[in-house]
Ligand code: FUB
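Below, in C-alpha cells: the form predicted alone, a single chain.
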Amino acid sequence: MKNHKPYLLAFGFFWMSVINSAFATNPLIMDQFTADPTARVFEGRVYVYPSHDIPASPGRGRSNWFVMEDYHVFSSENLTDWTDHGVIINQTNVPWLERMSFNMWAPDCVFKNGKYYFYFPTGGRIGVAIADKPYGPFKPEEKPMAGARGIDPGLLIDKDGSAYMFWAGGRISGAKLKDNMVELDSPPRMITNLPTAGLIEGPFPFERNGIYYLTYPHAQVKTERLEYAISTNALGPYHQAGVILDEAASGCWTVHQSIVQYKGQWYLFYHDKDLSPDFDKNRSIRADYMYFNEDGTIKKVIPTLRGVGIVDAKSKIQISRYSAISGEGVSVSFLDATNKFEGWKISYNGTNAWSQFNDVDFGGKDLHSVDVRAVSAAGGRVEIRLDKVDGPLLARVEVGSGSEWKVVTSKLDSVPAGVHNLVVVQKENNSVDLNWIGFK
C-alpha cells in the first residue's frame, strides 16, 4: 500500500467526468446506485457527495450486504441536470488502508482555508482527502484521523470559522477540529440526551438563526427514521426535538441525510431503494423541499417521487414521477424489470384516471406541439391539461392500438408561458401506458 501514488490516481479519476440528467425527479441519479448523500453549496452550485453501492461479486464484497469501494461527486446549478464528476476516492488509493474492506460509508466535504476537505470512513477509521476544487482531484492524507474511530463523519463550520466533526460508533460523538482540519482539537465528547434504544448513526449538523441542529437516523423499531436534536452550542448539550422523516413506506432499512439551503430554499437530501425495491443494500439518493416553523422546529418532510427543481417543457418529462394521482386507476411500474435503470412507466386504467406533474417551465410562447411516448393494447385517448384536472386543455393525444411503444405527436390547443403543473387525464375506459412527455 505504501507504494501507491494517491494524488495521481485521484487526478486520473477526476478526468472521467460524465453528464447525468435526472430530470429533477426522485431518485436524482439514474445510472448507478447512490446512498448517504451529503449536499453542500460550493462556488454557486450544489455538490452532492454520496456513498456508492455496487452489487457484490466474487472477490468484491460480502454477498447480501452493503458493498462500497469508491466515492463519486455530483453537482448541479438548477437541481435538475446533474454532472457526475467521476470517482474522487477509491479504496485502492487510500495509503493507510490495510485491506480492501468495501465499507466506504457516508462521507462529507467542507471548505476552509482555501481548500476542500473530504472526510470518508473506511476500515473503522476516518480519513481526509484535500483538494483545490470541490470536484477534486483529492489527495488522501497518509494517515487516518487520530482519536476518531467510527463511521459517518458530519462536519460543521461555525459562524466564527471553528470546525467541528461528529461521527457514529455505537453512539454519536463530536469534537472540535484544529485549524489544519485533519486533527482533533479537543477530546471526543459523547452527545447525550439522544435515544438510547435502537440503532443511531449518521450525524449531520447545521446551524440556522442561532440554533444548532444535530440530525441522525434512528431505528426506533425496525427501520430507520430521521430525527433531530437542538442546542445553543455546537457540541451541546442537545435535546431531542422531533422527527424530520418517517420510516420509508418502501421498507428500506437505512436512511441517511443532509440538509442544505440553496438560493433561499432549504432541502433535505436522503436515500431510499427506488432502483432496487427488493434489495435495500442498493440505494438511490433523493431530495425534497424542507420547511421550518416560526420557532425554528422542522416541519416533517413528506417524501415525493416528483422531487425538486423545475423541468424544461422541451425535455423528456418523466411523467411517472408524479406529484399527485387520482384515487384509482393509476399505477407505476418499471419499463424493463431486467434493467431498472431504464426507469418507469405510468399506467392509466379507466375513464378519468389522472396524474399531476408539478413545475414545468414552458418559457415563452414558442411551442406548437407535444410528443408523448405511449403504448396501448386497445388504443386510447388522453388529455393534457394545465394546472388542474379541469384546467385549460393543452392537447388531446390519440394513442393507436398495438404492443410496441411509439411516440405520438399532437398539436397544442393552447400555448402556455411560464411555470405550470401538468395533468394527464385518461378519457376512455381502457388502459394506456406513458413513458415521457416533451413539448416542442
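Predicted model only: the values in this text are computed from it and were never measured. Residue numbers here begin at 1 and follow the sequence given.
What comes next is about the form predicted in complex with beta-L-arabinofuranose (FUB), which does not appear here.
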**OP:** Name the residue from V255, I172, L275, V311 that puts a heavy atom within 4.5 Å of beta-L-arabinofuranose (FUB) in the predicted bound form.
**Re:** V255
**OP:** With heavy atoms only and a cut-off of 4.5 Å, decide whether M68 touches beta-L-arabinofuranose (FUB) in the predicted bound form.
**Re:** yes
Subject >> Touches beta-L-arabinofuranose (FUB) in the predicted bound form: A106 (any heavy atom, 4.5 Å) >> reply: yes
Original post:
Heavy atom to heavy atom, is V87 within 4.5 Å of beta-L-arabinofuranose (FUB) in the predicted bound form?
Top reply: no
**OP:** State yes or no: in the predicted bound form, is some non-hydrogen atom of I151 no more than 4.5 angstroms from a non-hydrogen atom of beta-L-arabinofuranose (FUB)?
**Re:** yes
Original post:
Where does beta-L-arabinofuranose (FUB) sit in the predicted bound form: which of 60 to 68, 386 to 394, 41 to 49, 405 to 413, heavy atoms within 4.5 Å?
Top reply: 60 to 68
Original post:
Relative to beta-L-arabinofuranose (FUB) in the predicted bound form, which residues of 259 to 297 have a heavy atom no more than 4.5 Å away?
Top reply: H271, R283
